[in-house]
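As structure tokens, one chain now follows by itself in the form predicted alone.
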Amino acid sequence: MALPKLAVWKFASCDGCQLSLLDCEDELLAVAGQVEIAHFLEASRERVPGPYDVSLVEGSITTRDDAHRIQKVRALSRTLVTIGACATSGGVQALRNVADVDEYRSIVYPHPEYVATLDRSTPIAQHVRVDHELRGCPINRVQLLELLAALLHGGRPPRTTASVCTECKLRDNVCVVVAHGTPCLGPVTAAGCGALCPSYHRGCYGCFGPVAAANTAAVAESLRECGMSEADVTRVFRTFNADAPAFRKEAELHDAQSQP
């Protein structure tokens, strides 16, 4: 019996989420024994033709060529999973969405006329149907292994609606906002990181994107109480998940209020 085919694809990204998969080491070997890794250029030159049972897609769409390529990936994939903040919300490169791309291009590149890029960085779901998503910058490798195991064995991939605050409580962390007045996005950020930053007495940076029905207005008020200006609040919401709707709208509000 043929093994299920697994493919891993890269679009505009830093490769961090693919490296998280490679960092699984012993666990990855167990997964590799249950699938045929048909396309994973970060790990192997081998390219086995599709169709593929599962495709993991890292990165956002930032060029016309990539907008066409993701359509081909979708057509070849029975199940498509987006991995990481770039693929699920446009990533940090979505900062271009509120900037002058031509100006950036002229500053960064000695020959900007050679650079063909779109004005916006968009998540994969704005271009094709996505079956499952894993958030984070980078993703949590345990979540990735759980999802792959569920897909391979016909189970239902795990989902959570919890926030980082829940993970802080599970780790018996003292709230950095209450105890130290440290700005933190934990109440509006989806769980998945294990409350990594608050566990080291730092505020959450929102790597896993907004929870459903995120009360960003309340958190923004908390950030101001911690001494942040309107411009600083804008920057807090414009990081790894700058184009996630809840974070984008809150940033736009404070950006407008910070203008003279």
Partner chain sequence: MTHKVSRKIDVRELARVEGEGALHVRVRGGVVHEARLDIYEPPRFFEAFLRGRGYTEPPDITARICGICPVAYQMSSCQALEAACGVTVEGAIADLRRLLYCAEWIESHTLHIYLLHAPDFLGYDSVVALAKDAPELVQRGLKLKQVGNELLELIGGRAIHPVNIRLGGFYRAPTRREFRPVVERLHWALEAAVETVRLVSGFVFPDYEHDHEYVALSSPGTYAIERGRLRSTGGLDIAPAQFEEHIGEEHVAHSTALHARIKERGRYLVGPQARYTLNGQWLSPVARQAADEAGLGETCRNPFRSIIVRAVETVYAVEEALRLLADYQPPDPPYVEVPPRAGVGHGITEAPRGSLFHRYELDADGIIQSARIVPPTSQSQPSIEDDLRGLVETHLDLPDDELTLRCEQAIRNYDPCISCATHFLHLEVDRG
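Remember, predicted model here, so these are calculated numbers, not experimental data. Positions refer to the first chain, counted from 1.
Separately, the form predicted in complex with the partner chain exists; it is not shown, and the next lines address it.
With the partner left out here, the partner chain still marks one of 101-109, 152-160, 183-191, 123-131 in the model of the complex; by a 4.5 Å heavy atom cut-off that stretch is 101-109.
Taken together, the three residues L147, C175 and A246 all stay farther than 4.5 Å from the partner chain in the model of the complex, as judged by their closest heavy atom. This chain is drawn without the partner chain; in the model of the complex, the residue among I70, V211, V54, I37 with a heavy atom within 4.5 Å of it is I37. The partner chain in the model of the complex is not approached by R224, whose heavy atoms all lie more than 4.5 angstroms from it. The closest heavy atom approach of L196 to the partner chain in the model of the complex falls within 4.5 Å. Contact annotation: N215 falls outside 4.5 Å of the partner chain in the model of the complex, judged by heavy atom distances.
Although the partner is absent here, V219 is not a contact residue: none of its heavy atoms lies within 4.5 angstroms of the partner chain in the model of the complex.
For the partner-free chain shown, R235, R238, T239, F240 of 219-255 come within 4.5 angstroms of the partner chain in the model of the complex, judged by any non-hydrogen atom.
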